[in-house]
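Taking the form predicted alone, here's one chain by itself in C-alpha cells.
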Amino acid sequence: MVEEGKNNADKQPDINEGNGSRSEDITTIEIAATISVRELADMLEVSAIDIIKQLMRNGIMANINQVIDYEVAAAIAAEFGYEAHPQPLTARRHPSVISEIKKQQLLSEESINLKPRPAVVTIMGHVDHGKTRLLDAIRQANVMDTETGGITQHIGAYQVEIDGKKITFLDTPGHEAFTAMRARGAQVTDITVLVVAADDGVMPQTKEAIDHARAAGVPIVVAINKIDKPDANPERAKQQLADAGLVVEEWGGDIVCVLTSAKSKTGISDLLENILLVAELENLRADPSQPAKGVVIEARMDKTKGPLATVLVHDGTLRLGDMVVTGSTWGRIKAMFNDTGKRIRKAKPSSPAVILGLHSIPQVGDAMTAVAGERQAKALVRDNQEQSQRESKVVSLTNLFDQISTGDVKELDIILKVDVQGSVEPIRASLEKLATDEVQVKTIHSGSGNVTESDVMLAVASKGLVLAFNTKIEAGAQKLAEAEGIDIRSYKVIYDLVGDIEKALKGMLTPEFVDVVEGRAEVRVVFQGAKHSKIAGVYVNEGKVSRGASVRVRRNDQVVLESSVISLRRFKDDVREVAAGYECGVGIKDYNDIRVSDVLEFFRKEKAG
C-alpha cells in the first residue's frame, strides 16, 4: 500500500509538506455521507497510511476501519487534489466481487423499509487450531439464562447477542463446506473469521482458507488463538499472515486481528466487538416486510417428521404457513424452530430456522423463496430446474474460447498445484501475463502437493480449472472432478502449460481426448487361465465393467499398466458387462502380473469440453 501511495505522487502533494497544495488537474469525486478510511484511500488511489497521517494533521485520530463523515472526507480529498461532491442517494458502489447475500441486499435497496440486519459469520482455519472450541466458547458465553442446558439442538447455525446486537454464526466444518455451499450457488457469508493457532502459525490449510475466503470476496477477521500456550508466538503468526497477504492493522494493514484463547475465554468479547465493527462498515441491511428469501444450509429426513431443512433467511421475514420453494422442491411451512429448538412463528433477516413441510429433501445451497401459492411454487420449481441446467456448464480449456466469445467468461480462475513451492511464482507470473482485454487470468489458489478434493471444489465454486505441474491427482479429487465436469490438466514442462492456456485463450488449442471413468473394481483373487494367462476375480465397487473397455491397473495408488478387457465372465458364462455390487472374472490383454488388492479402473476416451 505504501508503494501504491508513492506511485501516485504525480497526482497528489507530498504529505510531508504540511497541508499540501492542489494539483493543477482537479478530479471530481462523489463521497457518501459516511465513508471508512480504507474506502476513502481506495477512492483517492493513495495509501491508507497517507490518509491517516492527513487526518492526524487535522486533529483526528483514526484507524483504517474508522468511519468519517462527508465534511472531513471532502477536506482530506481536497488535500490530495480532488474536488468532492455529496454522493446522490441512488448511487451505489459495487465491489468487484461481492457475496450473493450482499448482492441480494444491493438489489433490494430500492425498498424504503431497509433495516440493519445481523452479520452472517463463518469460522475457518487449519485443523486443530481451535475452530470448534472457539465456536463453543462464543456459544457458551452467550447462552441466555433461561436456556437451561444450553443449546438443545444442532441446526448448523446459531445467533449470539452482544450489546443488544446479534451475530449469526454458521457452524461449518471448515473451508471445504464453505466452498461446497458456494459451489451450489449459496454464498451466504458476510464475514470470515480466520483462526490461526499462536503456537503453530500459518499452516497449509490456513493458506487454503485465506484463498477460499478471498475467492468469495468477503472481509476477513483474524483470531490468533491459543495465546495462553507456553510456546505461543503471536508476532510470528502476524508475520506469516503478512507473508500470505494479510497485513494486520497494527502493522499498517487493513485486517482486524484479535488475540484469543478459547480455553480460558480470553478475547472472546473483543472478537465479537470487532465482528460488529466490520459488520457496521459493511452496512448490512434487509427489508423485513418483503416475502422471505434465503438459502438451505442443512437438510435431512426425520423418521417421524419427514423432510427437515435448516434455512438462513437473508431478506424478508419467513412466517409459519408460508408457501416456500427450495431448489426443486416446495411445500407449506407446518412448523418452524429456532437454533435453541424453540417453536417460532417467524424468522427475520439473518436468522436461521428449521422448517417442516417440504415435499422432499432439498439440496444444501438451494435458494429458498416464499411465494403466493401452489401455482407460483410449481412454476418457480420449473424455472429453478431450467436455470440449473443452463448454469451447469463449467469452463474447460477446450470450450474456453467459445465462452469468452459469447461473453460468458470474463475471468479465467485457475487453481495451481505444483511439486515444489518455488515453481508457483514463475508459473503464476507467466499465466497472468496472458490476460487480454476480453478476459483476465487469475490464480485464485496455489500451493505445493497433490491435487485434492478441496482444490476441485474451489474450481467448482469459482467455475475455474485445475492445473497440476509435476504433481499427482488424488483418487478422490479425480472422482469429484469427473462427477462435476472439472477440467484438470497435468504438465511436466512449464512451456507446455503456459502454451496451452495461451492457445485456449486464442481458440487455437487442439481438442483433447480425456479419460472418462466408467467403473472401478478390486481384485480379490487371481485364477490361472488358458495358455499361462491370469484371470482377475474382482468385485465391482462402482459403475460397471464392459468387455472391450480400456482398463488401468492401479497398485498402491500407482498406475502400473493401461490395456483393455479381453474377457469378462460371470461364473462360467461370457457376459458383455457387469454392474456394481457383483463379482466377475476379468481377463486383461497382454498382462499376467495381476495381483490381489490391485484396483482396476475402467474408462473410455471422450473429447474434452
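What you see is a predicted model; the values in this text were computed from it and never measured. Note that residue numbering begins at 1 and tracks the sequence as displayed.
What comes next is about the form predicted in complex with a small molecule, which does not appear here.
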Report task. Could you spot which one of Ser351, Ser261, Thr192, Ser454 gets a heavy atom to within 4.5 Å of the small molecule in the model of the complex? Result -> Ser261
Requested in this report: Only one of Glu83, Asp128, Glu235, Glu71 comes within 4.5 Å of the small molecule in the model of the complex by heavy atoms, so just point that one out.
Outcome: Asp128
Query raised in the report: Tell me which of 444-452, 225-233, 351-359, 459-467 has residues with heavy atoms within 4.5 angstroms of the small molecule in the model of the complex?
Result: 225-233
Query raised in the report: Taking 4.5 angstroms as the cut-off for heavy atoms, does Gln239 touch the small molecule in the model of the complex?
Result: no
**Report entry** Close approach of Asn384 to the small molecule in the model of the complex, 4.5 Å, heavy atom
**Finding:** no
Requested in this report: May I ask you to check whether Thr132 falls inside a 4.5 Å heavy atom distance of the small molecule in the model of the complex?
Outcome: yes
